[in-house]
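One chain follows as structure tokens, the form predicted on its own.
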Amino acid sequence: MAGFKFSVGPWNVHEGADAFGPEVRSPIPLEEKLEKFSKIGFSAVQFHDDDAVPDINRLGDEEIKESAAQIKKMLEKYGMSAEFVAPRLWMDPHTIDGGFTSNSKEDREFALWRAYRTIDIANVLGCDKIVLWLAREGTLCFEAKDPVESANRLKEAINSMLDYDSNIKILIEPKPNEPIDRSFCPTMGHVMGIASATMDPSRVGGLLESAHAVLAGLDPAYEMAFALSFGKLWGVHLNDQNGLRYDQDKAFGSENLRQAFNQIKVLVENGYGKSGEYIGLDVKAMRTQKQEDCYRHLSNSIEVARMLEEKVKKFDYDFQKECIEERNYEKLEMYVMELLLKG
């Protein structure tokens, strides 16, 4: 088995609160999560800046680095690495109207301050990837922001980050909506466009989350393939999604097994992981799940990904070629269904 390496974020084991109800599980200390992640089979951890440094807004620059160093030691204790660090720009009073595209100059400056500190944290943790999930970089009311100026502000912010550190890579994670109605960077195509207009396109790429593609009415495997064609698929977040609803972050493959197979197939066929990329998960436990079994969605998702990787290895490419030459796609479709259902 070639074997992908897997990563996970601390937020994937959460307390179960949602917009319509309170927490249903107790918080779990970060170190306890890391120990469990290691046992499940994860090699790396995804961090927001305040996952690594909870009091980031109240600390000075050197204090932030000292706090991050403690997390580095914790990762080393369990034989794990940091995959990336992302500035959490959607949970702060300064970012009610967005971060990089806020109408407030002061708030835009705050967003950049957090981005710079995120880069500092990444350097301490030993990773060079910064993820931008542009959660509130859009509008609730179309006329609230100039969309052309906002796209330019995004590019300017990314240029500032690239200029701050010449070694980092920036991964933009697109999402079409929620928590805002309209995103300025909703799809992987938009990511490629923004990347091409930055001061160093070679250091700006994408991270594709399955559910975000579904929410845009797109096929996650095709979005991955599009980024792969540019050599810019530097991260994935595998999960599943039941239609065009809120971002559900269901266990990978739990809603659409064929779609999940296609994602693993395009990753395997294009050598994803050979340059050190991780298969990241962004899956949430069902709200009904009890405390004592609140990691099951993670182990289930890894197991499904591994089983589908084995299915890809069994795929008969000669038969595929035969079907294509005959233009008999019904035969090819049935072959895939039998592969998935019969083995």
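So that there is no doubt, residue numbering starts at 1 and follows the sequence shown. Remember, it's a predicted structure, so these values are computed and weren't measured experimentally.
Note that the form predicted together with 3-O-methylfructose in linear form isn't included here; everything after this is about it.
The shortest heavy atom separation between residue 282 and 3-O-methylfructose in linear form in the model of the complex is within 4.5 Å. Contact between residue 175 and 3-O-methylfructose in linear form in the model of the complex is found at the 4.5 Å heavy atom cutoff. 3-O-methylfructose in linear form is not shown here, and in the model of the complex it never comes within 4.5 Å of any heavy atom of residue 335. For residue 180, no non-hydrogen atom is located within 4.5 Å of 3-O-methylfructose in linear form in the model of the complex, even though that partner is not displayed.
Taking a 4.5 Å heavy atom cutoff to 3-O-methylfructose in linear form in the model of the complex, the contact residue among 83, 137, 223, 209 is 209. Checking 97, 165, 247, 128 for any heavy atom within 4.5 Å of 3-O-methylfructose in linear form in the model of the complex turns up a single hit: 247.
Partner contacts here mean any heavy atom within 4.5 Å of 3-O-methylfructose in linear form in the model of the complex, and among 84 to 92, 189 to 197, 118 to 126, 103 to 111 they occur only in 84 to 92. Every member of the trio 11, 48 and 133 reaches 3-O-methylfructose in linear form in the model of the complex with some non-hydrogen atom inside 4.5 Å. Residues of 154 to 172 are not found to place any heavy atom within 4.5 Å of 3-O-methylfructose in linear form in the model of the complex.
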